[in-house]
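One chain follows as structure tokens, the form predicted on its own.
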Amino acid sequence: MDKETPSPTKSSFITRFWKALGPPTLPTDDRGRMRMVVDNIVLHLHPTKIPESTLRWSYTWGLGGLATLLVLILGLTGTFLELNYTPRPEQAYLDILALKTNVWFGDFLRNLHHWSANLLIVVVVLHLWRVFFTAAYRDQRANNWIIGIFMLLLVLGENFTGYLLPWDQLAYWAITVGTGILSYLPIIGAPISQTLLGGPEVSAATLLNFYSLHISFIPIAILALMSLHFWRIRKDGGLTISKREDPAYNTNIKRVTTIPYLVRRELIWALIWMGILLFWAALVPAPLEGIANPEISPNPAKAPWYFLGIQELLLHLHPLIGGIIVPILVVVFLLLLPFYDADSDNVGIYFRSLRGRYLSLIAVGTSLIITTIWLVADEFFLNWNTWLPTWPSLVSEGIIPLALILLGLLILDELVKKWFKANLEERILFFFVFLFSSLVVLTVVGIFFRGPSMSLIWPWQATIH
């Protein structure tokens, strides 16, 4: 009696499964050439070997790779949506409705595009935080940090221009509020705003301008900077690591080949996030209100969520100060950061040191308390117009409050230096965390705690009229 054929093991089953999903069998020479092409592409972006310690998820969290994946998703879904969209007010909204009802998977792809675009903002900001917290912007990497800042601004611009394209009430009035901030820029503000809008207000010309920027100029600029960004990372030797994790200084740390160790992890990470995004897009529809109506303004009319921190500032400071000067100062601060925070001893170490971790936590707590107190005080108690009725509003509502805020920051800096014996590097860390935490507070308040007439309310009282 013949022996029973043994059942295949789990590993042999998985091997056959992957082979079945793989490319068709090719002659050896063709397979070798294909693999060589793939390997060259991968090794064009990564060093041939990397320190084994950099494979930890907790070091980079895969944020750069996730941002790249999201850009690819947005490019593919955006191309499909472009084929089913007409940038004219009388047709744009109908095309969006047609995507939901008449185009196979149209609504699903629009959802995927929308949520990927919003997630890209979050991921790029988190990536910027990771680079800052590991001091990976110093020395020769300063240029790449600057490139990253401009890419963040372009991502915001890409989301902002795409926000108008559905031509619904939410988009129309959000863009009206957002572009209105530009008009407060002296001399050149009004011309820039009118050029962007194609006239004095949001109109058909605005839709065409935003559509052109969204599908051509901004994406081309993002792809160009991404290429330069990848090239700089490769030229600078890959990820920034500390000396204790660098094989050149620590013989206990070994190098491993990028293929397959790093590539396998990147593939797993990409598949996980693809699954999450596909699941989310299938269940959660992208927002769509009624068709845009310039005659009916929602109450409150809010900017897109990523600009609500700036809109919140406009309620407490003169528009020129809150909407133009403060954002410019923040961007300049970020651009100059590598040049006055140049100590390279703690490069590659999260939060620089153990004391840096404590200072970061203290900065978050301090920011939550101080920013909340300031918002409430300015809402209910501070009234600069009443106290200084004959003064220009730029002075009473702008320069004086800004001067008091800067004075408070200087006092806080002296306290951090005195109480915690913090050096320059630790103080920069403290204020970076403090300012970003304040921006988060302003954004959260703008999203959840502003109701009709932009008055403070509790979230469960929120209604839009």
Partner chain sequence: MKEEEKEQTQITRLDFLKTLWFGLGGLVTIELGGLTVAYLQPHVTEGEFGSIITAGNVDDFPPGSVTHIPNGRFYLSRLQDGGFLALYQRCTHLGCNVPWDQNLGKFVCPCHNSQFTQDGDVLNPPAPRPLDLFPITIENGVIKVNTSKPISRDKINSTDVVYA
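Nothing here was measured: the structure is a model prediction, and the numbers come from that model. Residue numbers count along the first chain shown, from 1.
Keep in mind that the form predicted in complex with the partner chain is not shown, yet the notes after this line are about it.
Contact between residue 181 and the partner chain in the predicted complex is found at the 4.5 Å heavy atom cutoff.
Contact annotation for residue 236: none of its heavy atoms lies within 4.5 Å of the partner chain in the predicted complex. Shown alone here, residue 322 lies farther than 4.5 Å from the partner chain in the predicted complex, counting heavy atoms only. Interface residue remark: residue 201 is counted as part of the site for the partner chain in the predicted complex, having a heavy atom within 4.5 Å.
The candidate stretches are 100-108, 348-356, 298-306, 362-370, and the one lying within 4.5 Å of the partner chain in the predicted complex by heavy atoms is 298-306. For the three residues 71, 169 and 211, a heavy atom within 4.5 Å of the partner chain turns up in the predicted complex in no case. The partner is absent here, but in the predicted complex a heavy atom of 393, alone among 393, 140, 79, 86, sits within 4.5 Å of the partner chain.
315 is the sole member of 288, 315, 221, 149 with a non-hydrogen atom lying within 4.5 angstroms of the partner chain in the predicted complex. Taking a 4.5 Å heavy atom cutoff to the partner chain in the predicted complex, the contacting residues in 147-183 are 173, 176, 177, 180, 181.
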